[in-house]
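The data below hold one chain only, encoded as structure tokens and taken in the form predicted alone.
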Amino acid sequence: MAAPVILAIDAMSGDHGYPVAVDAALSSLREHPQLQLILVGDEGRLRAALAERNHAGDPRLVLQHASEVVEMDEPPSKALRNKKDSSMRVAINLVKEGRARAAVSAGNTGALMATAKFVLKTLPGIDRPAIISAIPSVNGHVHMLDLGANAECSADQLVQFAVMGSALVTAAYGIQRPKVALLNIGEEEIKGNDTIKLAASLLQQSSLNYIGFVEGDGIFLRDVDVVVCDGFVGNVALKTGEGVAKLVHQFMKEEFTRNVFTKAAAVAAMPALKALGRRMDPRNYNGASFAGLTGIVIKSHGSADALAFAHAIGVAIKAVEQDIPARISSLLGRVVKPADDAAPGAEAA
């Protein structure tokens, strides 16, 4: 039997609060026999929700009371300073204390990152954690980072992101030499700003499988496993891709309901449309890792439903089983040169 995987679930954060977290927790327990969960939040509400679902007293489910909740629009500094008994903070503390192997939250991204970095700290050799997630592509999916944690990055930090992404993809999917690309405004070597060019030079000298630059459309269309960029660009690219997907869905809906003939065509095309919907369903890609920390923290989308939140829990399980922080630390030591040996002109981390 597989070793137990104990996760701390921030059950109170997110747009929909504890009902979604409880439903996701119960479905995850059914799907993963090795899973044990600590639901963190208002114990009275959580106990009542479990009773309503006939799951009171489940031995694989423990409640941990937390008296506060970090609001979705709350400034990260305020949450970190004033809400030390929030469900978010308590869940991350459980990871720090070793009572849980990972924390999962649908809460305020900035507050979650600030709290996780403060409590868990970064791995040696990592300046800043980065948000990484899978994104659908023609080859199945691609992992992209940073998706919003760091608006500005140095070339050395982009190399660190490449290491994080490579380690995660190798651990999770068994790809021994993941193809790594830098997101840029063109594929030619002369394109891009000085930071991107320096990062490309450093990656070319590394042992990573760096394949060069990739443009925005290449995120979805190129044969690449890891796409690296700063958080400003990554978040814009992610939201743009999500918007285009919604636009295509809306256009298809309008065309298939335009008249009786297009409605009949929609009926005939329904199997293909459903298959397309499953491939494009963002819930199947929910769950972004905060890579670079000494512990595992997974961010669920704030508006996630139970299916999406359960997928984020699944991402946490895989990260625990593969011990992603240890793999990142090991690969970082083999790839990144000491400061004294860095390429001339390289930026300080």
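Residue numbers run from 1 along the displayed sequence. As the structure is a prediction and not an experimental result, all values here were calculated from the model.
Missing here is the form predicted in complex with a further copy of the same chain; even so, the following discussion is about that form.
- With the partner left out here, if you bring back a further copy of the same chain in the model of the complex, are Gly110, Glu255 and Arg279 all within 4.5 Å of it by some heavy atom? All three within 4.5 Å in the model of the complex.
- Task: Can you check 97-105, 203-211, 187-195, 169-177 and let me know which stretch has heavy atoms within 4.5 Å of a further copy of the same chain in the model of the complex?
- Result: Among the listed stretches, the partner-contacting one is 187-195.
- Message: By the heavy atom within 4.5 Å rule, which residue out of Leu123, Val119, Val224, Leu183 makes contact with a further copy of the same chain in the model of the complex?
- Response: After the contact test, the surviving option is Leu183.
- Leu247, heavy atom within 4.5 angstroms of a further copy of the same chain in the model of the complex: Leu247: contacts a further copy of the same chain in the model of the complex.
- Item | Touches a further copy of the same chain in the model of the complex: Ala275 (any heavy atom, 4.5 Å) | Looking in the model of the complex, residue contacts with a further copy of the same chain include Ala275, since a heavy atom lies within 4.5 Å.
- Is Ala149 a contact residue for a further copy of the same chain in the model of the complex, using a 4.5 Å heavy atom cut-off? Contact check for Ala149: yes, within 4.5 Å of a further copy of the same chain in the model of the complex.
- Taking the shortest heavy atom distance, is Glu215 within 4.5 Å of a further copy of the same chain in the model of the complex? Looking in the model of the complex, residue contacts with a further copy of the same chain include Glu215, since a heavy atom lies within 4.5 Å.
- Members of 229-267 lying within 4.5 angstroms of a further copy of the same chain, judged by heavy atom, in the model of the complex: Read in sequence order, the residues that approach a further copy of the same chain (within 4.5 Å, in the model of the complex) are Gly231, Phe232, Val233, Asn235, Val236, Ala237, Lys239, Thr240, Gly241, Gly243, Val244, Ala245, Lys246, Leu247, Val248, Gln250, Phe251, Met252, Glu254, Glu255, Phe256, Arg258, Thr262, Ala265.
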